[in-house]
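First, one chain by itself: the form predicted alone, in structure tokens.
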Amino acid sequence: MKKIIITFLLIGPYLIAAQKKSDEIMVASIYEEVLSNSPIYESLRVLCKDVGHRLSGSTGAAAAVEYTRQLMIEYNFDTVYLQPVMVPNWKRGPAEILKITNSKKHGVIGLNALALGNSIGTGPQGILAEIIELKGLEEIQKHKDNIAGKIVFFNGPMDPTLLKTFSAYGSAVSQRSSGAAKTEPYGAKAIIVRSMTQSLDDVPHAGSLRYQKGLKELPAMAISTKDADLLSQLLKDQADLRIYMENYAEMLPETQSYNVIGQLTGTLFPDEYIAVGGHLDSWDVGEGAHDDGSGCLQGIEVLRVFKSLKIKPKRTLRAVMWMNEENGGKGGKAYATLSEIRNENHIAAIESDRGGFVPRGFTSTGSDKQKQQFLKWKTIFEPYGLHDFDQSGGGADISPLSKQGTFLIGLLPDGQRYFRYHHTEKDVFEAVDRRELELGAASMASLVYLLDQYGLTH
């Protein structure tokens, strides 16, 4: 026994070094395959240009389900199937009007605006009312006696000084998601929200809101940042400024849709699962290229790489196209619920939902032991420009898997440009750089390879 221990102490470091070298060679092969041979960019072109935007419940969403299913069949994955999901069926409607009607300086001024997702519409009668400006939800109590009968204008900007743009988004987005529910008890007639972006432009950003059960639902629209600044300035000079709002948004009964799943079955541990992918739905403006066509096709690319390099996974790998992240999260919840019913063991799940930009690292959420093992692989990725492994996070669609003790991981691209495109008409195929998209896919495939080789401690 002592001889065995002494022998291991002598040769152990060499075995570890040899294994690391082997991993580095395989990761280099994965990057080479993706950067030289990947069809991901052309696949994204088809999803964006031929299918287009794909809001849950729409014909575009149905077409995206079939396109990604056929793509994974073409790649000859072991199994490709659809998981039924009931999703919201919200429609924007044919006309959206938001205008200042009585500016003493400029008269009638049209504003660039979009109805918020899940919002009700005003109908043909519209809403005409004075405005009250608030910088965030925290100002509601201070001004609660002046809200009744008015349109509440939430004008809290994303903090431009925060280098972590998703932190800036997280600090501001409550105005959009909860503004209607928080102001209805004080008699608000509708809400307007400054678009969630650090850019100053004329482009309004969509996004969803949540109503509160038992409270009246209020119409809600987002306006561009330039128009938000204009409206704020005019209000300083004219307190009785009035706005007319008209739109025809409505929520129809839930409808059938699907998560799309492609699988490579594990050779040694088929009952251990690693899920990777993004959300297939997008808003009904733009083409959903960064949000989240990129993430979906990166997930498919991970499994394609395994097939192309003839890597037989030890564990079962799944590329998952979750449906309905944008305005309900039904796909992620349905996937986790069925997984729990089947008593599946997801050791890890990776979501790409921060755009197809150049990767800088991965976020993660899990136990200390899982985190420690994950951080040991950081040095393998540093030659490829990935260095940020310390931030917490995973993804909206994979978060329900946390109940299983699943280690949750999010691809972390450079986020400085993301909120130029997020939820807008500018989120189109041309906004995605081929090489940056490919680098993200190669990074995800490399991490899945390491997870598959070594597993994770729960």
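The shown structure was predicted, so the numbers you read here are calculated from the model rather than taken from an experiment. Numbers follow the displayed sequence, beginning with 1.
Another form exists, predicted in complex with another copy of the chain; not displayed. Remarks below refer to it.
Stretch-level contact analysis of 394 to 402, 53 to 61, 66 to 74, 33 to 41 against another copy of the chain in the model of the complex, using heavy atoms and a 4.5 Å limit, identifies 33 to 41.
In the model of the complex, another copy of the chain lies within 4.5 Å of some heavy atom of residue 414.
When another copy of the chain is considered in the model of the complex, residue 125 lies well away from it, no heavy atom lying within 4.5 Å. Within 4.5 Å of some heavy atom of another copy of the chain in the model of the complex lies at least one heavy atom of residue 384. Not displayed here, another copy of the chain is approached by residue 360 to within 4.5 Å at the level of heavy atoms in the model of the complex. For the marked spot (161, 165 and 430), a heavy atom within 4.5 Å of another copy of the chain in the model of the complex is present in each of the three residues. Here is the short version: of 198, 370, 364, 118, the single residue with a heavy atom within 4.5 Å of another copy of the chain in the model of the complex is 198. Residues are counted as partner-facing when one of their heavy atoms sits within 4.5 Å of another copy of the chain in the model of the complex; in 211 to 234 not one qualifies.
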